[in-house]
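The chain that follows stands alone, in the form predicted on its own, written as structure tokens.
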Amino acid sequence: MTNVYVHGVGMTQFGTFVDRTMKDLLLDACIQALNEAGNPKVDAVYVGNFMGGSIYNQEILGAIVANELGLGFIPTAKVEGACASGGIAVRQGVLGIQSGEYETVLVAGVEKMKHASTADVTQAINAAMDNDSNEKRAGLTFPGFFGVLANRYFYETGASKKHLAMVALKNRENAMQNPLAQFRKPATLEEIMEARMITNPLGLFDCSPMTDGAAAIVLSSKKSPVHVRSSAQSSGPTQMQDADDLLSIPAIKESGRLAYEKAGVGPEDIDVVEIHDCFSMTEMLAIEELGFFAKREGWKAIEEGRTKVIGDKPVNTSGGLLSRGHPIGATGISQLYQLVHQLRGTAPNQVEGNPRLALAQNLGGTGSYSVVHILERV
């Protein structure tokens, strides 16, 4: 258990913003979170970001936040962990408070992607793979990796492309009720299944999009109604050939195990979940790795509607990466934004029964990093 509490959250709308800069988006989310927290004295700033330097030519994001918001000469840092950059930044804030070094920390995440070409973004994203490997030289990409996993999953279970489409449809239906989501246009199961193929069997709706956006959270040792009950992080294999089991992502499983152990709870105690669904297949694997459903049986839970808002284990009530959007550095923090509102009873797609425990899982690379946070309503 930690001595860390959430005092404020902020988030921009996710999508395409031609006329907004990365700095503008970042400061917007930070100001929202600080205002909600009552504009406390901030002792440190952490910013999650992955591609600010490579496709936007902007680093020093932590110092920019401190300077522009008049926070003083406090320590700041940018945190990079591929798609887990935001979650890792939150964890650094938690650790800074637990160490006693800081009382209050501002954590933010941002990415500006839509100004760049798909080819340039793809090249930048591929920096999150082991580029000095035969897999990279063979042309493996992220869709290719998770496409292989999906085909293997189909081979070992009764699942099919239809079950992937059911994940994408659920998340699109959730995003339709989320005013900050990137994709709010209705879709049908047939449309999703017949969409343009990206890599077999993953179609357009099975893959998270390029997104502009930012999110922020204010953490403090001072008590509030939302407690960070635990924070955990793990690493995993960086190449497919190193996997003992293609249908296991060890970093997710281990970060979940550690988070449960630290919080003194189990998967059965979690009321609402935000999972890193960079691909529809990733959500199917993650709900198994985190212990919500048995291995090789996540597809059955999806088929039975158990991960819907009205199900017994609601997953990605925000719309997830697939439809809420995936501005890489902001993703892990936007998950917490949704869960804080779930615990407050003010979320889009609010689950019934006054949820008490919420879990966020943020993945980086093909399983290189995973961060899990468990939040508690107190």
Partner chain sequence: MRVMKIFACMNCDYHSVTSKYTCPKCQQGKLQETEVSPKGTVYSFTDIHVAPAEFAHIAPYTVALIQLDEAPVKVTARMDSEVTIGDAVELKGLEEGAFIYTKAN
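Because the structure is predicted, anything quoted here is derived from the model rather than measured. Positions refer to the first chain, counted from 1.
Here the subject shifts to the form predicted together with the partner chain, a form of this protein not shown in this document.
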(request) Quick one: from 258, 74, 240, 187, grab the residue that has a heavy atom within 4.5 Å of the partner chain in the predicted bound form. (result) 240
(request) Quick one: from 235, 92, 151, 177, grab the residue that has a heavy atom within 4.5 Å of the partner chain in the predicted bound form. (result) 151
(message) Is it true that 10, 16 and 114, all three, sit within 4.5 Å of the partner chain in the predicted bound form, judged by heavy atoms?
(response) no
(request) Name the stretch: of 263-271, 193-201, 219-227, 249-257, exactly one has residues whose heavy atoms fall within 4.5 Å of the partner chain in the predicted bound form. (result) 193-201
(message) Can you tell me whether residue 303 touches the partner chain? I mean in the predicted bound form, with a 4.5 angstroms heavy atom cut-off.
(response) no
(request) Report whether the minimum heavy atom distance between residue 209 and the partner chain in the predicted bound form is within 4.5 Å. (result) no
(request) Give a yes/no on whether residue 140 approaches the partner chain to within 4.5 Å in the predicted bound form, heavy atoms considered. (result) yes
(message) Can you tell me whether residue 162 touches the partner chain? I mean in the predicted bound form, with a 4.5 angstroms heavy atom cut-off.
(response) no
(request) Any residue of 121-140 with a heavy atom within 4.5 Å of the partner chain in the predicted bound form counts; write them all down in order. (result) 122, 123, 126, 134, 135, 136, 137, 138, 139, 140
